[in-house]
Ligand code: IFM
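Okay, so here's just one chain, in C-alpha cells, the form predicted alone.
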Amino acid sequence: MDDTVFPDRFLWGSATSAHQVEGGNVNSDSWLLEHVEGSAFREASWDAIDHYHRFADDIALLAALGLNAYRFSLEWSRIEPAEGLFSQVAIDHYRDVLACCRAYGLATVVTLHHFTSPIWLLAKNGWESPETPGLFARYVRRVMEELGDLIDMVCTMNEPNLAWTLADVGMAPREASGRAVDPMLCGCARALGTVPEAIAQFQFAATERAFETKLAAHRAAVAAVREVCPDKPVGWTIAASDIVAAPGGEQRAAAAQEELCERFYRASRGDDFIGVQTYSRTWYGPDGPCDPPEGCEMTMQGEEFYPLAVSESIRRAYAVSDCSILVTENGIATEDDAQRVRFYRQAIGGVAACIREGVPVLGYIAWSAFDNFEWVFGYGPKYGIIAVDRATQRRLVKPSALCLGEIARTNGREIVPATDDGMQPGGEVSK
C-alpha cells in the first residue's frame, strides 16, 4: 500500500453494540426473547462483558491500540424504558461514554438502533406498527438534542435487511401468519398477552409491512437528525453479503441480491453515507442458499473464508446508492487469530483497491472490538480482536488487535511489527 491510498481523515476503528457488550439490558426485547419458553437463543446475555461499567478502560484500550474511531450503539430501552419516559440517568451515562471517546481522540460513530427495542414497543406490534416510525423519530430527536454535540457520525439503524437473510435460511417467517408456529415468538406473545402474529421484532420481521415500517422509520430518523444537528453525516448500515450464483442458481441469486441488498441500497440515495457490513460471500443455487464449493477454507461459523467479499460489497453498494461508503462491520469468527490477521490484511487490501478505483470510502471499522454476545449463537462465536475472560472480565489483547492498530497508525501503509507500548499479544494490558 502506498502513502496516498487512504485519505488523511480515514477512520480506522472497531465496533460493538450495546446489548452485546453492556449486560443487564432487562428492558430490551432481546432480553425477553432470550428468556421465554421456546427461545432460539443458546444462552442469555446476562452480564455480557460489563462494558456498561468498564467502558472507560475499554475505550482507553482501543485508543492505545492506535485506532481513531469507535462505533457503538445507544440502547433505546435504557433511554426510554417506558413509553414517553426518558431516563436522564441513561442519557448522562451515554454522554460520559461519548466524552470518554472524545478525551482519547476517537471519532464516535453512533448507531441509534442495533437490533434491540424497548419491550413496550414490541407489545405495540413493534416493527410492523404504523406508530413505530414516529416513536423512533421522537427517540432520535431526543438523543440528538442531548448528545449530538459529541456524536461525529450517525447510523440510524443496524442491518434492517437482516430479517430477510434469516428468512432465506429458515430462521424468520416471511409472513406474519408464520409466527404462530414459531416456539420463541409464541412464548413471547404469551409473555406480553398478545398473539404471535403481532410479534414483529426487528431482527425477525421479514414481511413487506416490516420493510415499509423500517424504511419509514429510517427516513423519519434522518429528518430528525438533520433538523437537530444538520452538520452530522447520517445513514444506515446494511448486511451486505457478496451474493454469488452456484451452477443453476443465477436467477435465484439475482432475486436475492434485489430483495436482500439492492432495494435497501436504492433507499439510501440522499443519505450522507451507507454502512457496508460484510463477512463472507453467500452462494445461491436454484433453491436458495447452498454450500460453497468443496475445499474452501471455512470459519468457525461455517462461512467461507473470503476477505475480498467486502470490496465486492463496497462496489455494488456504491454503484446502486451513489453514497459514500463506510465499512461499519467486517471480520470473521475464528479461534485462530492468525486466520483473523490474514483476513484483515486481505480485506483492507480490497478496500484500498476500491479507493484506487474512485469509490469514496470513509473508513474501515472491524467487527468486533471484543468477543461478545452473538445473539442466538450466544458467546460461542469469537469475532473479537480482544478476548474477554467472562469469569473475571479480564481483557486479553490478540495479535489481530495489534495488527489493526499498526494499520491505523500508519494509515494503511506497509505494515511493520508492532512496538511494545504496554500491550502483549495474547496477554493482558500492562498497567
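If you're wondering where the values come from, they're calculated on a predicted model, not measured in any experiment. Start at 1 and count along the sequence shown; that's the residue number.
Not pictured, yet referred to below: the form predicted together with the named molecule.
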| item | value |
| --- | --- |
| Options 113 to 121, 220 to 228, 189 to 197, 357 to 365; stretch whose heavy atom lies within 4.5 Å of the named molecule in the model of the complex | 113 to 121 |
| Position in contact with the named molecule when the complex is considered in the model of the complex, options E159, E80, E128, D242, heavy atoms within 4.5 Å | E159 |
| Selected contact from Q277, T299, S321, T207, since only one has a non-hydrogen atom within 4.5 angstroms of the named molecule in the model of the complex | Q277 |
| 4.5 angstroms heavy atom contact with the named molecule in the model of the complex for E329 | yes |
| Close approach of E374 to the named molecule in the model of the complex, 4.5 Å, heavy atom | yes |
| Contact test in the model of the complex: N25 vs the named molecule, heavy atoms, 4.5 Å | no |
| Heavy atom of Q20 within 4.5 Å of the named molecule in the model of the complex | yes |
